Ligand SMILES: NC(=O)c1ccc[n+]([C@@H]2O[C@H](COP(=O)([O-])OP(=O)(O)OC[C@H]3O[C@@H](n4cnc5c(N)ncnc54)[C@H](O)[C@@H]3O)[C@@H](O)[C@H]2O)c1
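One chain comes next, on its own, written out as structure tokens in the form predicted on its own.
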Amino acid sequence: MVRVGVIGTGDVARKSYLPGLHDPESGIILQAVCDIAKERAEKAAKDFGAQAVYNDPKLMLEREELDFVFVLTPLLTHASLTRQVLEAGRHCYSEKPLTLSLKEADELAEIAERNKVLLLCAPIYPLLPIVQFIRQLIVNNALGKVAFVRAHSSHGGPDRGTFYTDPSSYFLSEKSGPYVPLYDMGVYALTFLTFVLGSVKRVFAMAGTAISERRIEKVVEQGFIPYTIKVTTKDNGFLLLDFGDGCFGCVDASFCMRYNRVPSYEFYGSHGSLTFDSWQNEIWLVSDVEGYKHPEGWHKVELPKEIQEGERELWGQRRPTMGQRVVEHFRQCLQTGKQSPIHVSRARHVIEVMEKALMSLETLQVQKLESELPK
């Protein structure tokens, strides 16, 4: 039985993690939820089956027997709360970004190692079978030598859709940082690309504020009144990446891409190309490499049957939430002792890419990275 605690019961928790997280039949108990707004935590407990409610994470960690704790709070609070969880000797999963500095990421990694607990970090792309399959295609040279990649890691902004809680802090540098789309959205592409291609060697960034006012109105939490907000963070930008050996990439990280018809990811190699639409879960491939050729050229690639059968065996007909997938992965890590692809060691490299991107914005110069991913 895995006894789970959740810190933060806002939109991310309610949409992606809490559904199905209390499932005694599959060996998961949602032992406790915690939120600074206790009424929000109480509603989450009622909606998703938590056994206990707190508005102080310290008390939750002291009083509850927890095997694994999710930190699902706003952007800039992850590091301090994750530190509390690790120092309490509990295994932890942090939503993205873990922190904004490599130094602080290293400190958290050291605490986890010292206390012999796992520190896993979002995004969970490396856990997804379709992403693992894309990586295998490229490792197997289905495209030949990859020379260029492009990733769209953007959307129209937190004001574009319906939220449970007020998302306005995403537009405020004083609450969420100087270039929020980078570590709210760009982190997905950086995690995906480093999983597939390896470490980034150099980064250059450009960013600015394109839409100076936003209307916050699609919020369903009781008592909310719509209003207009002045944007103080950079809401639009992109990164140029150097993966070494002549392989380059471009990542947009923006809150200004409300509509989009192009693939999420594009890989261009010496002997083929691949696109991946992460919303439709579709891979398209063209290759002149033996074993990957197709008479029609560009063609849709399905997941191998063994991967599909493995997913059905694990989940049946249900589509697992991120919370369920993370807990199952946590179990496997404990059973096998293998290094997780979402271990803090990956997050720390991505964090340095983002940290150096912010430095690039300030200096208008290409920044060289110091960290490397484990081989």
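Numbering starts at 1 and follows the sequence shown. Given the structure is predicted, the values throughout are model-derived calculations rather than measurements.
The form predicted together with the named molecule exists for this protein as well; it is not shown, and the discussion that follows is about that form.
- Taking the partner from elsewhere, every residue among 9, 12 and 15 has a non-hydrogen atom within 4.5 angstroms of the named molecule in the model of the complex.
- Put simply, of 238, 170, 265, 192 only one has a heavy atom within 4.5 Å of the named molecule in the model of the complex, and it is 170.
- For the residues 29, 36, 53, 333, the 4.5 Å heavy atom test against the named molecule in the model of the complex is passed only by 36.
- Under a 4.5 angstroms non-hydrogen atom cutoff, the named molecule in the model of the complex has residue 57 among its neighbouring residues.
- Within 4.5 Å of some heavy atom of the named molecule in the model of the complex lies at least one heavy atom of residue 163.
- Using a 4.5 angstroms limit between non-hydrogen atoms, residue 251 is distant from the named molecule in the model of the complex.
- In the model of the complex, at least one heavy atom of residue 73 sits within 4.5 Å of the named molecule.
- Contact with the named molecule in the model of the complex, judged as any non-hydrogen atom within 4.5 angstroms, is confined among 113 to 121, 222 to 230, 76 to 84, 141 to 149 to 76 to 84.
- The partner is not shown here, and in the model of the complex the stretch 219 to 256 never reaches within 4.5 angstroms of the named molecule through any heavy atom.
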